[in-house]
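One chain comes next, on its own, written as structure tokens: the form predicted on its own.
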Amino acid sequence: MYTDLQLHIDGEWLNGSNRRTEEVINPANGKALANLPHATKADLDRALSSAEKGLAVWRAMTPYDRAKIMRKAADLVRERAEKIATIMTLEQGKVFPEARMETMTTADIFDWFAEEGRRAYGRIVPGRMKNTRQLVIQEPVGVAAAFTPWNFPALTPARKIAAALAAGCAIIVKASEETPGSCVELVRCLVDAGLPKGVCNLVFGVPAEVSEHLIGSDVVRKISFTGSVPVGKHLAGLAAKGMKRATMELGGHSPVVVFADADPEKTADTIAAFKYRNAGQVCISPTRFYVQEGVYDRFLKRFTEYAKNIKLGDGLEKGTTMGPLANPRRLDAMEAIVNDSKARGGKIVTGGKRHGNQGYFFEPTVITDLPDDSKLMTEEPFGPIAPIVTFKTFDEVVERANSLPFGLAAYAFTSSTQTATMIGDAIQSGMVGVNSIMISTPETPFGGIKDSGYGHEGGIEGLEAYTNKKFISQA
């Protein structure tokens, strides 16, 4: 059911012979799925050389021809969706329907960027003198290095790979060592679609060693990282030393503001489903719930009912609605959050502990009566724990929502058009969903502000992140 884990360098699939390996664990039962080979320094150097040669071939192709290969890859992802989704559930833990949805969205990302690459338009700027042409054109930035996490093991690499390829760049991807199979299958689709060798290389290894080696190379001109704030700041510093372009999609702590004029039951159903998706291991997951006093009791009651009705289990088992956490580190983090919440006077309304005697399961949890300076209200939980507190006034909740050094995603619910406009303007965040949770699609920009990073993936902004603007003045 799982897959053969290999590196992909210079058009060749490489196994673990004479290379260090590590086990990939199924989080539903703690058992090993396979051994993953680590790239040696020689492998990384080969990937850099390969990408440099692949870049020359790929950028010379027309956007039309590049798009045909990318769309073929998208078709292959859809054809293989059941297999890819099964692999994803085995290695990451999310329930199969979520894994399949991620796989289909991955295909959509390649389709969208394939077409957008054909429209990487420049412009003509009127000259100040006769017989002068002033052109602004977009060119590929060069070889990119991408570093992706374990929570969306197909979608996140796809955002980076598709945008780079659409712009005419070559790319080296270091996907997560905990969830490698999904990205291996994604690269197989690209290879089988006819992608020239060297254009997309896939490596694994000790994250710090791989990132420092790749970013330190003069071959790499652009990096893209999705992950934690501390690691992102470190990699941004390494990129700055070489004056390399960088996109940083880092952590958040997304506020949810529910005003008294919203429908509390409908809102609770919508946002609870979104909260417990992928066991809360989503960078844009709603994580701080501020509910206006008039509807607080009704919202809390409905939200808690939803949490209690979630069925925990192996993501491949029919009827399961939430799988395990991805690794034992997340279990320890959830317990630390619950213990701190109790110490700060928080009330555990439901959940609050591990579930079962195997795998990395944690109960869907709701906590109330927390102070704003508690651990849960100031640090991203990245798990199935929801703190729900009250607020009185608009100005008060805006101040509290904006109080942290994060600004990735935020949500608000209201039936007032005026309030919707005001809260959309007032929240300090790269993405804001007002009466909506649809803030991440292939065609829209995805990115944060403050400590949540800079730059964008998705949309025309995601394509432009992999291009240089060149001005040509022609007399």
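A quick note: this is a predicted structure, and the numbers were derived from the prediction, not measured. One rule holds for the numbers: they count along the sequence shown, beginning at 1.
Missing here is the form predicted in complex with nicotinamide-adenine-dinucleotide (NAD); even so, the following discussion is about that form.
Asker: Which of these residues, Tyr276, Phe225, Phe289, Phe204, gets a heavy atom within 4.5 Å of nicotinamide-adenine-dinucleotide (NAD) in the predicted complex?
Answerer: Here the answer is residue option Phe225.
Asker: Though nicotinamide-adenine-dinucleotide (NAD) is not shown, can you say which of Ala120, Ile310, Ala193, Val231 has a heavy atom within 4.5 Å of it in the predicted complex?
Answerer: Only one option qualifies, and that one is Val231.
Asker: Any chance Arg330 has a heavy atom within 4.5 Å of nicotinamide-adenine-dinucleotide (NAD) in the predicted complex?
Answerer: Although nicotinamide-adenine-dinucleotide (NAD) is absent here, Arg330 would touch it in the predicted complex, with heavy atoms inside 4.5 Å.
Asker: Is Asp263 near nicotinamide-adenine-dinucleotide (NAD)? Define near as a heavy atom within 4.5 Å, in the predicted complex.
Answerer: Residue-level check for Asp263: no, no contact with nicotinamide-adenine-dinucleotide (NAD).
Asker: Does any heavy atom of Ala240 come within 4.5 Å of a heavy atom of nicotinamide-adenine-dinucleotide (NAD) in the predicted complex?
Answerer: Ala240: no, not in contact with nicotinamide-adenine-dinucleotide (NAD) in the predicted complex.
Asker: Going by a heavy atom distance of 4.5 Å, is Ala343 a contact of nicotinamide-adenine-dinucleotide (NAD) in the predicted complex?
Answerer: Flag for Ala343 set to no.
Asker: Whether Glu91, Gly315 and Phe361 jointly form a contact site for nicotinamide-adenine-dinucleotide (NAD) in the predicted complex is the question; each needs a heavy atom within 4.5 Å.
Answerer: Negative, none of the three is within 4.5 Å.
Asker: The chain here is shown without nicotinamide-adenine-dinucleotide (NAD). Which stretch in 384 to 392, 242 to 250, 255 to 263, 100 to 108 comes within 4.5 angstroms of it in the predicted complex, by heavy atom distance?
Answerer: Of the options given, it is 242 to 250.
Asker: Within 4.5 Å of nicotinamide-adenine-dinucleotide (NAD) in the predicted complex, which residues of 295 to 320 have a heavy atom? Give them in sequence order, or say none.
Answerer: Result: empty, none.
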